[in-house]
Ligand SMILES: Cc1ncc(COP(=O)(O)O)c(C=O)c1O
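First comes one chain, alone, set out as structure tokens in the form predicted alone.
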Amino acid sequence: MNVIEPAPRRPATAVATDTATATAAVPPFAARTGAVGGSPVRDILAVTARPEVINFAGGLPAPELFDREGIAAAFQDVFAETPAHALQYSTTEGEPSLRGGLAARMSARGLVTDAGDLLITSGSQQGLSLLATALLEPGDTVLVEDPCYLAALQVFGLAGARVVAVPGDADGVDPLALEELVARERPKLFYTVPTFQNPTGRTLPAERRAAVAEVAARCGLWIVEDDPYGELRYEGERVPWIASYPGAEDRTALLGSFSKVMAPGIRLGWLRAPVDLRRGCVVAKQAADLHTPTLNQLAAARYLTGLDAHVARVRDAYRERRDAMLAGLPGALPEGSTWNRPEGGMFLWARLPESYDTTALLPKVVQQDVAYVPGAPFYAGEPDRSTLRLCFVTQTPEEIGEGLKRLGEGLRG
């Protein structure tokens, strides 16, 4: 009979040594984190952070126009009167005083709104993310403008959505093209910045807004209407929100923000949506961060009484800066270039002759200590590489003039 001898026992120290050195591979990240890239705008801002660079790339409000005294007073009043409340947890939906104040402002502007219709978010960007969580399954189709707000493309990409661009023109999205794509693609939602759009600065006319609402009602479609710039109007008449048009009432989520009219660092936005969708977003927010900071909400609610006066001052300054950029563009851009005249907002959209690639040209332009954002990253489909976005609100008129001079030298070089 064959006897199998047991293997000799290894010393305990040898076993411990082998265990320590034989490490397993780290599990991979979720596929969606690799499928969605970073923000080219943020990358450009990092490269051009030198103080000598005149930066037309960022969508940054002018810091010297922040109402530091008024905002500080609002925070001081909150601490003086309700410190325990200000430093405590809040409800996910948001502070009643802020929701009530915002509802009154929206109602006064033609969209009857109750405090209960609103969810306070950590910037409107979070509102967009919550809507994607509540509405989208991986593989769902989303329709967007062409070109489109870059961070929205990131949100939809992270949700695993299939993004399709809707053709348009200088006035914005074409409602007939929208209807054709809805019939063909069966999308879950259409995302739009109809007023002073990012990146183009264009505004969708009233008749097209009515047509978009009618398409959504007839074909079965959610509308996500993003309005961070609407109060920054420098000329022309205000156009009502899409959410206020017949047919859009029960299928539009409207996003707003304090970032461009108060201060972006406070990180306050809001979401107005039909009750069932709003409840879904509340659940998503509970999982994300429980609630937006109580202190910031209470201070913003106090500041609402002086907000209109502050916005009026900001509008006057930004109008002057827009006009300075419009005056300097003919001497800065190559012959054959075209650009728009935005009635408000923060951005101007330019198209150079077809032979120009603004992405390839950017490093040469940055050598002249000036920067812009190439248009290509804003496109969900085939990009127009001759386009670029210029932000006109961050610099003074004098800095804008110097920056455009440098831009011209960089483009010619």
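Predicted model only: the values in this text are computed from it and were never measured. We number the residues from 1 along the sequence you see.
Not pictured, yet referred to below: the form predicted in complex with the named molecule.
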Proximity to the named molecule in the model of the complex, single hit among 296, 124, 200, 252 (heavy atom within 4.5 Å): 124
Answer option from 259, 244, 90, 133, heavy atom within 4.5 Å of the named molecule in the model of the complex: 259
Residue 318, heavy atom within 4.5 angstroms of the named molecule in the model of the complex: no
The named molecule contact in the model of the complex: residue 146, any heavy atom under 4.5 Å: no
4.5 Å heavy atom contact, residue 142 and the named molecule in the model of the complex: no
Interface membership of residue 94, the named molecule in the model of the complex, 4.5 Å heavy atom rule: no
Contact stretch among 208-216, 222-230, 276-284, 324-332 - heavy atom within 4.5 Å of the named molecule in the model of the complex: 222-230
Neighbours of the named molecule in the model of the complex among 185-223 [non-hydrogen atom within 4.5 angstroms]: 191, 193, 198
